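Form predicted on its own, single chain, as structure tokens, below.
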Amino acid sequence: MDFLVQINVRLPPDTPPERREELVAAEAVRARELAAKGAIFRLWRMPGRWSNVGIWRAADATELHDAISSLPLYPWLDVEVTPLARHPNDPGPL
């Protein structure tokens, strides 16, 4: 299944810079792992915000939740998930 996932990071502003750098680095590593496994299919940054939107792939919602909750920043994420279904007029990959 494909899911449209929007993630907003809500790391507290008083987080020490060293901790923030550590979390961001760990997040990048985990995101690469999830992309290599096919869980993160596409990902875009939302300009002007600490947010992203992407197409994630998982067998079901439970598998998707497991992938998202494995992110190091998960405790500070506001996540919105929309399941996607095929459209009969989809032109396919461009």
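Only a predicted model underlies this, so the values are computations on that prediction, with no experimental measurement involved. Throughout, we count residues from 1 along the sequence that is shown.
Separately, the form predicted in complex with a further copy of the same chain exists; it is not shown, and the next lines address it.
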Partner proximity in the predicted bound form: P17 to a further copy of the same chain, non-hydrogen atom cutoff 4.5 Å
no
State yes or no: in the predicted bound form, is some non-hydrogen atom of E22 no more than 4.5 angstroms from a non-hydrogen atom of a further copy of the same chain?
no
So in the predicted bound form, does T82 come within 4.5 Å of a further copy of the same chain, heavy atom to heavy atom?
yes
Though only this chain appears here, would R45 touch a further copy of the same chain in the predicted bound form if you measure heavy atom gaps against 4.5 Å?
yes
Could you list which residues of 67-89 come within 4.5 Å of a further copy of the same chain in the predicted bound form, counting heavy atoms only?
I68, Y74, P75, W76, D78, V79, E80, V81, T82, P83, L84, A85, R86, H87, P88, N89
